[in-house]
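Only one chain is given next, in structure tokens, and it is the form predicted on its own.
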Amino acid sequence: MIKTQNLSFIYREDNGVAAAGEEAVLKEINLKIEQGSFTAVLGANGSGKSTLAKHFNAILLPSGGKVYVKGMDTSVPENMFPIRQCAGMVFQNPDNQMVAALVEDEVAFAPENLGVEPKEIRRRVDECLAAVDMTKYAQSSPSALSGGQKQRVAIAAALAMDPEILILDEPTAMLDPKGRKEVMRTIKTLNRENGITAVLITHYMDEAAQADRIVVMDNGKIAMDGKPREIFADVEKIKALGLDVPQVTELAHELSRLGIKIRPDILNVDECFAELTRLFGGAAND
């Protein structure tokens, strides 16, 4: 669905010339995102992860190399509109994305501007609000919603464009734990039940652990790429890149350092409990 070939990017001045001493933010990135996958992109501040995401629906264009979305070259002007229909984007602050007075009008906004027939708009609004579990708030004002609810409306508005790819640039960064769970549940449902290809930019390790694949960025390059168990099992490398690991993975790592033979690839509380029960359950019962 998304392919980059030797992608490089450098921020330039209005005259198109790179600022003096400006380094490339992305450096020779080669990456493929498969249809129906759920990929999380991690990286310390300044690693290039958000810049990479903005190339996936042609908000930014390569300084060097190529980006293809469903086979369409993002640098071709005629491709910009179909690319943005194919790849919807959700940003960090939901308040900056709201333009309408009612939730259902917010979701209908983009299709209306595309000239979609009213009957089709109604269908999309109903389906997209149902997909993010916000149907009962259709007549509510976005300003009256919680942060998590607003972000789910923003996701519904992106879905109303009928995209095959959903790119989410730190969508939970401004939310409380409850809101974060709501949004993550929505993303996973859309990916697993609706088949939408999801790309999540995040700095929360527990969110990344729920993806099928993790790409770790460092200084504009891909430093690690693999399944969550493979990535987080290498605790020392992750920390050397200025990142952390899920808390339960950290616990397993510390127990291992103490000589306890525990699995190094634990990702969640249930797995940790099962492993500790396996190790100590018999002794506890005695």
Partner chain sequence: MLKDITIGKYVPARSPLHRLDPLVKIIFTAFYIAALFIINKPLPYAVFTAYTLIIMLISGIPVKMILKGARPMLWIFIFTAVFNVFMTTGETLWAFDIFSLSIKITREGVISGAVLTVRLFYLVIGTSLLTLTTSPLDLTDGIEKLLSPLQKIKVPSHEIAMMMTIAIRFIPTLSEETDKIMKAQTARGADFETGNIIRRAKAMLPLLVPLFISAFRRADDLAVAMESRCYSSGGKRTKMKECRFTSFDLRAVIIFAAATAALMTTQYML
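Just so you know, these numbers come straight off a predicted model, no measurement behind them. Residue numbers count along the first chain shown, from 1.
The form predicted together with the partner chain is left out here; the points below concern that form.
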Check: Want to guess which of 68 to 76, 211 to 219, 187 to 195, 84 to 92 is within 4.5 Å of the partner chain in the predicted bound form, heavy atoms only?
Finding: 84 to 92
Next item on the list: Answer with yes or no whether S47 is in contact with the partner chain in the predicted bound form, where contact means some heavy atom within 4.5 Å.
Entry: no
Note to self: With a cut-off of 4.5 Å between heavy atoms, is I201 one of the residues that contacts the partner chain in the predicted bound form?
What the structure shows: no
Margin query: Is A131 part of the interface with the partner chain in the predicted bound form - any heavy atom within 4.5 Å?
Written below: no
Checklist line | the partner chain contact at L31 in the predicted bound form, heavy atom, 4.5 Å | finding: no
Check: Since the partner is left out here, which residues of 105 to 120 would have a heavy atom within 4.5 Å of the partner chain in the predicted bound form?
Finding: D105, E106, A108, F109, A110, P111, E112, N113, L114, G115, V116, P118
